[in-house]
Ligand SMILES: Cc1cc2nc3c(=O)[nH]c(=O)nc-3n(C[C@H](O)[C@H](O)[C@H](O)COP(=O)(O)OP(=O)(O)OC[C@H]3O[C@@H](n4cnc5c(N)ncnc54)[C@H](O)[C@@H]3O)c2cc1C
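This document opens with one chain alone, in structure tokens, the form predicted alone.
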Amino acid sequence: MSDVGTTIIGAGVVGLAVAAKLSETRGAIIVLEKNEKYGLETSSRNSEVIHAGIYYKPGSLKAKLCVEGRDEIYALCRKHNIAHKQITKLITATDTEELKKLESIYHNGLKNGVPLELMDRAATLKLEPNINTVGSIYSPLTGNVSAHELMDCFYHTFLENGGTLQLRCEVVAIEKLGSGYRMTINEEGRQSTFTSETLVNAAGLYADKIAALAGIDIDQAGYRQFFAKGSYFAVVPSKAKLVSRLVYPVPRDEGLGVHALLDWAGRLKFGPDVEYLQDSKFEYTVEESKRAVFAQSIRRILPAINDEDITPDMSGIRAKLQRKGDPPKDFIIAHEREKGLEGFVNLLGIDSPGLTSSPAIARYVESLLS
């Protein structure tokens, strides 16, 4: 008999959501987190946007789980008084050449079941008179949420159901047993082992390393992750009221483009850009040298912003399954029984819309283990 029924590796928003859901029916669960607190990496370094589900390929996990998760997050926020706002969003075409792609995005969103409105220049400027636009998509269901309060909600639900969170605990080895898994953990230089009947890999930036520890060839399986840093710049308070909702450009390269965000302190921020990293040495400084290029990207949608109006703010790092220049890939959420790993669920490449999708991802993992 195993020491633990279910172990979850990683206490970001997805790991905590999975823990909260599984703890409803699967008894005592343990979550292992290598950092000193939960949610210190990707989960707390992002735009905190509740995505509507517009951009993702119809039928993909990203599309399905984003739409389901969006509605569930709004319900959770209302039930538990989690800070959120259905702030709405515009995707603005800044020249006539972008209108065809804007229309394609619009129809893609409709296929995903997202309510949207295609607006001309005059209608767009009635909502946001300061932006550069020849037409836009209006998304009424896009919002934002306090990622920290959402994680707190999942964490306390999990604790109330008898779960345990083990901090400063790094998994260094995984061995498949006849029934279950033996894990070796490192706790501030002290190693120990325990066994678990089932195992969920929600390790975020390190999920491919955990998959490799379990014996999976991550290159053959397509599980190797690549890392993209996204930086944000804040706008001076005197220009923080230039927009009243989220404003995105029509995407041109990787990511959704540098976009306008309003944070919980009422500050206007822009980001993230996409900077693929050469290795897994994660460093979060926002370089002052990016200011001019950033300001130029911002002026694409908000012409009144000058270089001196922005200052470096925060950054985050996302794990992606595609290399720079390759088309986006879907989430990987897989019960690895076909690889001889019964009871082992992998979650890899959980970039955007991972925060929005988190409660739906949790239900999906539950279904894989049932």
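The first residue of the sequence shown is number 1, and the count goes up from there. Just so it is clear, the structure is predicted and the values come from calculations on it, not from any experiment.
From this point on, the text means the form predicted together with this ligand, which you will not see here.
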Inset, instruction - Would you mind picking the one in 302, 310, 61, 317 that has a heavy atom within 4.5 Å of this ligand in the predicted complex? - result: 317
Legend entry - Position in contact with this ligand when the complex is considered in the predicted complex, options 345, 332, 49, 30, heavy atoms within 4.5 Å: 49
Legend entry - Contact segment among 201 to 209, 235 to 243, 80 to 88, 292 to 300, judged by heavy atoms lying within 4.5 Å of this ligand in the predicted complex: 201 to 209
Inset, instruction - Look up in the predicted complex whether residue 103 has a non-hydrogen atom within 4.5 angstroms of this ligand, and give yes or no. - result: no
Inset, instruction - Indicate whether residue 230 is a 4.5 Å heavy atom neighbour of this ligand in the predicted complex. - result: yes
Inset, instruction - Answer yes if any heavy atom of residue 170 is within 4.5 Å of a heavy atom of this ligand in the predicted complex; otherwise answer no. - result: yes
Legend entry - residue 35 within 4.5 Å of this ligand in the predicted complex, heavy atoms: yes
Legend entry - 94, 124 and 249 all contacting this ligand in the predicted complex, non-hydrogen atom within 4.5 Å: no
Legend entry - Stretch 1 to 32 - residues with a heavy atom within 4.5 Å of this ligand in the predicted complex: 9, 10, 11, 12, 13, 14, 15, 32
